[in-house]
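Subsequent text provides structure tokens for two forms of one protein chain, presented individually as structure 1 and structure 2.
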Structure 1
């Protein structure tokens, strides 16, 4: 009887081991397939950017450019004022990063680590603002900035970040809830004020979520098309998104040049995410409630 039970137990363990390995292999295959699906458009964009125009729509499709035409990137710099567009886009992408990293941790710190009764009532109200679609506020915001005579400037694109963003306040709040309160209480006993605690103690402990939010804000500003289209009227202030759309309208048949411009537009985001991916993923994973 014991030998029969042992043999059944061994068979069960072998079955579970085989099933676990099969599940693991299937998971890897599924991940590889999804990676290929998501990477294929990016590869095709770069591939088209390096082709001659006559090879864009050949049948069967040319999966590797032969011969390679590097002059497409040189020509796109000659046809588009990329330096101006990149400078303007950096302004509308980097300044909001600074504003968000100054304002959102401050609000989150006041909601989590400063003992006051209004915090538990204020936070739900802040979350309610996430339910308002951005399209609903576009016309009132445009009218407000118009009354302030700030249209055709970068102010409507960068100034709101210094007053906080609901989603990033939520991320910082969830992360700060996991920080040890005893460290901050010890600093208060030693005479440190809240601002000093925030910038000297809390900020170093929030390096991962700071990087995560910085990357997300930068990518959002870099990809923003509707905001600059609404507020910017002078071509000297156009961002990459508007410049790329204008080139698409002006040179619609020239797909190789359009893909070259799109590659230049996308490359900084890939580089930033590549170098910041560890801190970015750690910031998301360690944020309570988003695991």
Structure 2
């Protein structure tokens, strides 16, 4: 009897949508709470960066920097060679963008739009190389670059991108496969060579994937830690990541300055994110195989 009443009550709730509303409200509350949790570390980074050192070590913590010390952002440029680090990081992240955008579409074009047998055999090999962990090739590469006297230069970090990287070739291939060949055929009949077709027809058609890959390569270079760690020993050549780490180990950690430097390190990526949100979201989704 009771259960019948109960189920009727339940039915009524579903009918009125009460249940749905309650879960909805709980869901939104959870969302807001988690949002605060996720945002808090970022806020704390900026907040610490704007404080005077003494106010970092108070209990309870000082939630709003007061007084605000903008000078931390100037001081950090004097205390370490931040400008030089930024320049070096730009070199190691922008040059690979150029390299990748030149080489990978070319290889993908060969795999998808030129009717030759290699395309069939090359692609599985390309995929297989993705399985090899970087640690295996690292040491022989290091030994070779050191024999070529290329240590302490940017060459080992940027040159390989001009020879294509498997991952981005894969992305371009997936994208180019779906491009219509009719336009290219027409151009070929009109006497255009393959390079002409690639640069004048295929590139414009690929603009969205080009942006995506450019953004991904840039971020990869900007964040790279292992490469610069191995190859750049001279402080003249340090990138942001290495410089920051050295600054931390050099002295007692000065949190306000470290957080200011971290903010500067992160900021460009966030700016890029806001300008090319779609490129980001597309990139993540194409890489996972979901269209």
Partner chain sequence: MKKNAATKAKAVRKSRQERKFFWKGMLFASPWLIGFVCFTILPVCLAFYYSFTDYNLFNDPAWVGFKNYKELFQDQYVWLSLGNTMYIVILAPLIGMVVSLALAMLLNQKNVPGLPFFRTVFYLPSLVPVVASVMLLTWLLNGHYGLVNQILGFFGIEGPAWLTDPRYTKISLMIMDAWRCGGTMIIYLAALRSVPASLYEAAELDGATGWKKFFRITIPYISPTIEFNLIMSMIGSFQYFTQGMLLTGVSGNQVAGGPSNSLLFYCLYLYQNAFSFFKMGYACAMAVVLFIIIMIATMLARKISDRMVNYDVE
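Numbering follows the first chain given and starts at 1. Think of the rigid core as the biggest set of C-alphas that the two forms share within 1.5 Å after superposition. Quick caveat: nothing in here was measured; it's all calculated off a predicted structure.
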| property | result |
| --- | --- |
| Structure, 1 versus 2, that is the form predicted on its own | 1 |
| Core-aligned C-alpha movement of residue 266 between structures 1 and 2 reaching 2 Å | no |
| Core-superposed comparison between structures 1 and 2, residue 56 Cα displacement 2 Å or beyond | yes |
| Core-superposed comparison between structures 1 and 2, residue 235 Cα displacement 2 Å or beyond | no |
| Rigid core fit between structures 1 and 2: Cα deviation of residue 69 in angstrom | 2.5 |
